[in-house]
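Only one chain is given next, in structure tokens, and it is the form predicted on its own.
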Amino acid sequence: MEKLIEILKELQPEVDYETCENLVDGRYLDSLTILSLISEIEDEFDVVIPTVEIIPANFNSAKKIWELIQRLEEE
């Protein structure tokens, strides 16, 4: 998860990713930032994020993003 936090901080350094649970709903991450994030995640963790997984519930917190990554790594 540490690498995920690094990636997030590169995209939006002013957010506290350890505690924030409304990254999408609170508009901390916009659609362009999410697209960049997805690209970084796919490269770093060697996963493919299907379009059906690109929903706010999967991107509202670092914890939820990490859970998505782990789930995709298992597939």
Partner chain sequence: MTYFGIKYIFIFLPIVIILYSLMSKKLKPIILLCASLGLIFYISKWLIIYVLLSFLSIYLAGLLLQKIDSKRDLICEGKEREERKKIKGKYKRYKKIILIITIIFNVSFLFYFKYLGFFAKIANRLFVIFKINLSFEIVKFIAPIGISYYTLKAISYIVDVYNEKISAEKNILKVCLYLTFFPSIMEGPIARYTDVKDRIYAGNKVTYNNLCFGYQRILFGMFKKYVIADRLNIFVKLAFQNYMLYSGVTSLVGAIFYTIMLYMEFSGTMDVVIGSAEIFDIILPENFRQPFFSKNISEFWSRWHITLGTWLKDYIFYPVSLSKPVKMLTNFNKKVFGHRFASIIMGGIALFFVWSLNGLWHGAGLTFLFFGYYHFALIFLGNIFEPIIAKICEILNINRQNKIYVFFRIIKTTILVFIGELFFRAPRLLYGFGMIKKIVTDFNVAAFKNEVFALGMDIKDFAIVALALIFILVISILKEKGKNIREDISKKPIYVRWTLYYALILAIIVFGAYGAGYLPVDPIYVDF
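Residue numbers count along the first chain shown, from 1. Model, not experiment: these values are computed from the prediction.
Note that the form predicted together with its partner chain isn't included here; everything after this is about it.
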**Message:** Between its partner chain and Val15, Glu21 and Glu67, in the predicted complex, does every residue show a non-hydrogen atom at 4.5 Å or closer?
**Reply:** no
**Prompt:** Hey, in the predicted complex, is Leu72 touching its partner chain, heavy atoms inside 4.5 Å?
**Reply:** yes
**Prompt:** Even though its partner chain is not shown here, does Ala57 get within 4.5 Å of it in the predicted complex, heavy atoms only?
**Reply:** no
**Item:** in the predicted complex: members of 16 to 35 within 4.5 Å of its partner chain, any heavy atom
**Value:** Arg27, Ser31, Leu32, Ile34, Leu35
